[in-house]
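The chain below stands alone and is given in structure tokens; this is the form predicted alone.
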């Protein structure tokens, strides 16, 4: 009987010890997503920023939701310091992935290092930031500098007798602002174009209107409005209309915008604007594909994925272009 009891005790102890040993995750399995739900933190600019951003936010909501296997939390701000704090909080909360559209290009190294040390994978979307590429898995972004070069090259090809430019900038320090500003700054530096005013409206339509009103009231002559998004171009045009200044094809002032909202492209088709440069807000599907690849243990083939973008000229745009490429309604 004693031998039998001893054998039973040995069996119980053996089972107990086995139960205390954690089973390692299968090859390619992410420990943070063993429940089958992928936790992501999204740091973005608010949808009220522009028509572009509203489309971008809607695209991410369409993809990163519970039905697709994600538990997503999103923080919105146009202020870089607030975005940095939110990203750090997501790291503390233990998300599996961190997706960021940075309000400004600088200041992110420490936060991304913290994410890497915590085993959290980072994706950049829409905009780049000034960090070492080892700190993020991949970036799905627009080439903002290429957008600016397209706009400035088109403007030079108009061969105006002189270029007196009202330059309305986006949020200072953002990748979009830097990329769209730099090629125009180069022309100002070379003296091929004259900067009447260069001022930020932080993507805001009403502020852009005030900037153009101040130029009109000053009496300075200008024949180009270069606004770094459609909303600011709209505000500029409102000021011109109130002052009785014509704009668009073969009119007094050339109007250039960025983003390609449908309502803006309709202004091109009507000849009221001259140029709109595309900026695609659709990055969610590509990032979803990359995350699923990582979850399956695959290696990502691309580090930086650049959106394929173009521009539309009022003289050549068609309704088909608007239907295919325009954002919103």
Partner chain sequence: MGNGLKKFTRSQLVIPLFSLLLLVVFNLIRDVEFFSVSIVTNNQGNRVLSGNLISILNGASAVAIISIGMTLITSSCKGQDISVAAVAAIAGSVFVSVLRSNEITVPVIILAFLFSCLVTVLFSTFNGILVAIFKIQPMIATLILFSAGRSIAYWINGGATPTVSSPLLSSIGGFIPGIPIPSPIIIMVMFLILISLVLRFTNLGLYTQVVGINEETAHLNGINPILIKLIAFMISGICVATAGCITVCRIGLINHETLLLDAEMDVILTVAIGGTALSGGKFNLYGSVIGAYIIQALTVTLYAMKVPSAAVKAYKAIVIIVIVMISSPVVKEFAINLYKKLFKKQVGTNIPMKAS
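Everything numeric in this text was worked out from a predicted model, so none of it was measured. Numbering follows the first chain given and starts at 1.
Beyond what is shown, the protein has a form predicted in complex with the partner chain; the following relates to that form.
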For this chain shown on its own, do 196, 209 and 246 all sit within 4.5 Å of the partner chain in the predicted bound form, going by heavy atoms? yes
By the heavy atom within 4.5 Å rule, which residue out of 133, 242, 187, 82 makes contact with the partner chain in the predicted bound form? 242
Just to be sure I understand the contacts: of 143, 205, 96, 137, which is the one whose heavy atoms reach within 4.5 angstroms of the partner chain in the predicted bound form? 205
Any non-hydrogen atom of residue 223 within 4.5 angstroms of the partner chain in the predicted bound form: no
Spell out, yes or no, whether the shortest heavy atom distance between residue 217 and the partner chain in the predicted bound form is within 4.5 Å. yes
Using a 4.5 angstroms cut-off on non-hydrogen atoms, would residue 118 count as touching the partner chain in the predicted bound form? no
Going by a heavy atom distance of 4.5 Å, is residue 65 a contact of the partner chain in the predicted bound form? no
Among the candidate stretches 197 to 205, 103 to 111, 173 to 181, 147 to 155, which one is within 4.5 Å of the partner chain in the predicted bound form when only heavy atoms are counted? 197 to 205
Can you name the residues of 43 to 80 that have a heavy atom within 4.5 Å of the partner chain in the predicted bound form? 47, 48, 49, 50, 51
Since the Cα-Cα distance for residue 76 and residue 181 shifts by 3 angstroms or more in the predicted bound form, is it a contraction (closer) or an expansion (farther)? farther
Can you confirm the direction of the Cα distance change for residue 256 and residue 45 in the predicted bound form, closer or farther than in this form, given it is 3 Å or more? farther
